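Read on for two forms of one protein chain; each stands alone as structure tokens, with the labels structure 1 and structure 2.
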Structure 1
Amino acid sequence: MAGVIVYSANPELALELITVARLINDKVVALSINDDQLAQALSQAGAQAIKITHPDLVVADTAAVAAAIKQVLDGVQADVVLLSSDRRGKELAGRLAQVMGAGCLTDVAALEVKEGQIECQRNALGGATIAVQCIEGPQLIAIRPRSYPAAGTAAGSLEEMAVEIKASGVKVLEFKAKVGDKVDIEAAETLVAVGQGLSDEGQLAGVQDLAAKLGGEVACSKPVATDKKWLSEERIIGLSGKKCKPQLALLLGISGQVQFTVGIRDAKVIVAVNTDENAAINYMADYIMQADLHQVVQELKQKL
């Protein structure tokens, strides 16, 4: 079976990749770049961890990272590379694929090995369909975060490997960590999600009360976070946000564009509240209420 190498700068996602890699091959090589802690974690998850070292190598320099990983690939026999499909991972994916001469699939939500062939599932046509695809030749597959559990503890090994890189054109001036919304809407059993039907930011308080009453979290469509900036991007459901599987999803004032629905279609029960009788979201819902969402939020708060 094909040799597999995994890399993510994010320790949690790197451990998820080890789980995925084991579907392909029991023997997993896992990389860290100048990061002792990550290298330790990888070896403690049973991988053959390799810490790539070079004093000037920074993860912000995608070209240099791709060149460094290629040097490891040349030494280890591997024809499948798994990366995390977070932003760092996706940016690296295309570059490393080109360096390797590999075909590349990103945002892969599930992977299955059938008769020696790796079949990947990913959204296509903006999320309207799910494509099952495979790669001919060397393969680079970026796995959607939190699609697989993290690998548990097992005995592994740890070695270091020095690489050569070219001086880069990318210099990091500063890194501003995002402050605080640590919400995990993917883990929530109940989600109350608002869209652009919400009239103004002041109306959010009622929605938050309702979510609290239901023991759930507030989520939103993309424009509510990125255009209006009423909620953090952590709360976006959909293609460029989170893929959620709550027991109950209460969708308020969301039209139901496929880039949104792809993130909620695995919910057990979907309720859509929309003033538009013909909103696309209604075809995705178990319970449809044609009503003003603000009214419904008030009434639900009182009657629950």
Structure 2
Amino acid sequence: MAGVIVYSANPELALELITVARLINDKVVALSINDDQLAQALSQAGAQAIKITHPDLVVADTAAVAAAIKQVLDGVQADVVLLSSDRRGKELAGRLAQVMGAGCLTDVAALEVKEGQIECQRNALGGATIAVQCIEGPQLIAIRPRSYPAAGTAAGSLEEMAVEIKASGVKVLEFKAKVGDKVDIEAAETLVAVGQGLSDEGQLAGVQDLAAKLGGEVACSKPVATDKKWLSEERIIGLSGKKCKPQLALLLGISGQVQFTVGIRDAKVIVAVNTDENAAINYMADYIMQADLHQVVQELKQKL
């Protein structure tokens, strides 16, 4: 199998991709575009870092980025490209797969090489099951963020490569910070998640206090954010939100529909608090408390 090329404009995700690439081949080529700091980080993680610098290449223009990566592919012996399956990575995956003539899988949570073939695991049927899928020929695989640890320090190399890019139709005028909630529940080691069992918005203060005492973040099921609008959509766990792997997930008043559980089932320890002894969430929880969540929140706060 030839080498692997990895690309993400996000430094943390790019280092995760290097870890994944090494499961496929020791020859890892990592790209940076108009980012000297990222190029250095990639080389210090043991990759063959290639720095692309071009004034007309705008990272937000995924068509132009796809064209640049294709030129690198033409000059490097590689038949697998790994991207991060974040919002921009998914858009880039489709464009790059088309110019490569490659098969494409996104939201891949794990992969394994068996007899020279890459087997990818990803959610199927709305998260109800995990499918194992393979691609024949050139392969483009987008890895779900935080599915693998970041690559450690190792000796690598750094070189520049020139590419030909047409003037982009996208022009960046300015950058503005995203208004609203800036929480990153995917990075949290502890999550306190609430569902529709929470009686009213006023009870959120107690939940937030409990999360703070545990050193964690507050998250929620989709209806709490989209229907009731008690929390921001940045805090949604599940198929329509974030897929999280905390050390501890304390789930308060959450029934456990598959659309939610697909986003939390990889937590190391799951504690479910629900008045319904037959709630679906109980079948995946490590610990079950059949109790009123409001009372549990108060007692836990007192203990802490």
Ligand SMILES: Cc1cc2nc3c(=O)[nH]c(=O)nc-3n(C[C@H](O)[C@H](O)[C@H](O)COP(=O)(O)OP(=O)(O)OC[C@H]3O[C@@H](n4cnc5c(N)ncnc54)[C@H](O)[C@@H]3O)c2cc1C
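In this text, rigid core is short for the largest set of C-alphas that superpose within 1.5 Å between two forms. Residues are numbered by position in structure 1's sequence, first residue being 1. This one's a predicted model, so the numbers in the text were calculated from it and none came from an experiment.
Colleague: Assuming the other structure does not fit, state which one is the form predicted together with this ligand.
Modeller: Of the two forms shown, it is structure 1 that corresponds to the form predicted together with this ligand, while structure 2 does not.
Colleague: State yes or no: after fitting on the rigid core, is the Cα displacement of Arg265 between structure 1 and structure 2 at least 2 Å?
Modeller: Indeed, Arg265 is displaced by 2 Å or more.
Colleague: After core superposition, I'd like to know whether Leu293 moves between structure 1 and structure 2 (criterion: C-alpha shift of 2 angstroms or more).
Modeller: Leu293 C-alpha, core-superposed: shift of 2 Å or more.
Colleague: After core superposition, I'd like to know whether Lys222 moves between structure 1 and structure 2 (criterion: C-alpha shift of 2 angstroms or more).
Modeller: After core superposition, the displacement of the Lys222 C-alpha between structure 1 and structure 2 reaches the 2 Å mark, so yes.
Colleague: Aligning on the rigid core, what is the distance the CA of Glu277 moves between structure 1 and structure 2, in angstrom?
Modeller: That residue's C-alpha is offset by 8.1 Å.
Colleague: Ser240: how big is its Cα shift between structure 1 and structure 2, in Å, with the core superposed?
Modeller: Its C-alpha moves by 3.5 Å once the cores are overlaid.
Colleague: Taking the rigid core as fixed, quantify in angstrom how much the C-alpha of Ser255 shifts between structure 1 and structure 2.
Modeller: In the core superposition between structure 1 and structure 2, the C-alpha of Ser255 moves 4.6 Å.
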